[in-house]
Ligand SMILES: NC(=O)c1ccc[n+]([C@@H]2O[C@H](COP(=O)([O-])OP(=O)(O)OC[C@H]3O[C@@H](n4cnc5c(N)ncnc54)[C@H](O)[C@@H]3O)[C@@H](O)[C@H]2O)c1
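As a starting point, one isolated chain is supplied in structure tokens, in the form predicted on its own.
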């Protein structure tokens, strides 16, 4: 391996280009090849990473220039096809969430990756947002005593337009609870430190994309929902999602409540309120460099995620976000989609988990 970790980037759409903007801020990283079937996406990527090898077919990248690591940021439904080919190279892999769109496909990838010699890391940026990372640190330190309740809220804008509008159809994305909310389900498992047992959800497509039709298929992505998750250790968690609420002061909020107090974190305010019973409140602002805020949509977290990936590769550490984490975040999303569709609580054991 050279002094720099050499990346081959597969997928140069919205998220692929965000990764490129952050990678060029990391001296230890170098992008040497990019693959995307769409000329406009390749052109946009070439502007961010000039003088790299450009490919239309990702398989030509895999057979082409020598790279140390592969970054996969293709549409959700393509992961089940791209990942086996990537795993066959034995290279280190950072694959964007969701791991796949179904539990069965995630399990297929988990089996294929069982003997993978490199680091295999599922990208879960929300873990690495600095105010969220501070909340996780405080919960683990016992600042609020025993965790009893966890609430996650995202009030935001509608889904962005993507190449071919693939993200307007649940059959491509896994549904909103998988595509968008796997981030939040991953946060829940990480913070609660237990496995989910039961999921209750209520949601609908009420406002966004109602009149959009693609090759005869009507857009069917849920745009608002409440989800309650019961965990094996008795902790309860809740997700409040609304995708027609652009005017919210904090797009993302996480609140952890224990028997000795609570912690609230917000993005983009980057404030963390540490509240100890009965009335002691300490509000901390977590600064994030302007260049990191400008590089992407995730409050600088993609940069910190890449630093963690680099450390794992260089030091031989296990990935911080595992295939199991990726599988479970998808499974929770699938359970929430099923609960909404069938109007009932869904036991995780129904999914074989």
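Residue numbers count along the first chain shown, from 1. The shown structure was predicted, so the numbers you read here are calculated from the model rather than taken from an experiment.
Absent from the display: the form predicted together with the named molecule. The rest refers to it.
- Within 4.5 Å of any heavy atom of the named molecule in the predicted complex lies no heavy atom of residue 258.
- Within this chain, residue 73 lines the site of the named molecule in the predicted complex, having a heavy atom no more than 4.5 Å away.
- Interface residue remark: residue 162 is counted as part of the site for the named molecule in the predicted complex, having a heavy atom within 4.5 Å.
- The named molecule in the predicted complex is approached by residue 82, whose closest heavy atom lies within 4.5 angstroms of it.
- The candidate site formed by 10, 13 and 298 is fully in contact with the named molecule in the predicted complex, as each residue has a non-hydrogen atom within 4.5 angstroms of it.
- Contact annotation: of the candidates 324, 38, 311, 53, the single residue with a non-hydrogen atom within 4.5 angstroms of the named molecule in the predicted complex is 38.
- Of the residues 189, 183, 262, 168, just one reaches the named molecule in the predicted complex with a heavy atom at 4.5 Å or closer; this is 183.
- Residues with any non-hydrogen atom within 4.5 angstroms of the named molecule in the predicted complex fall in just one of 95 to 103, 227 to 235, 208 to 216, 265 to 273: 95 to 103.
- Residues of 265 to 284 that come within 4.5 Å of the named molecule in the predicted complex, judged by any heavy atom, do not exist; none qualify.
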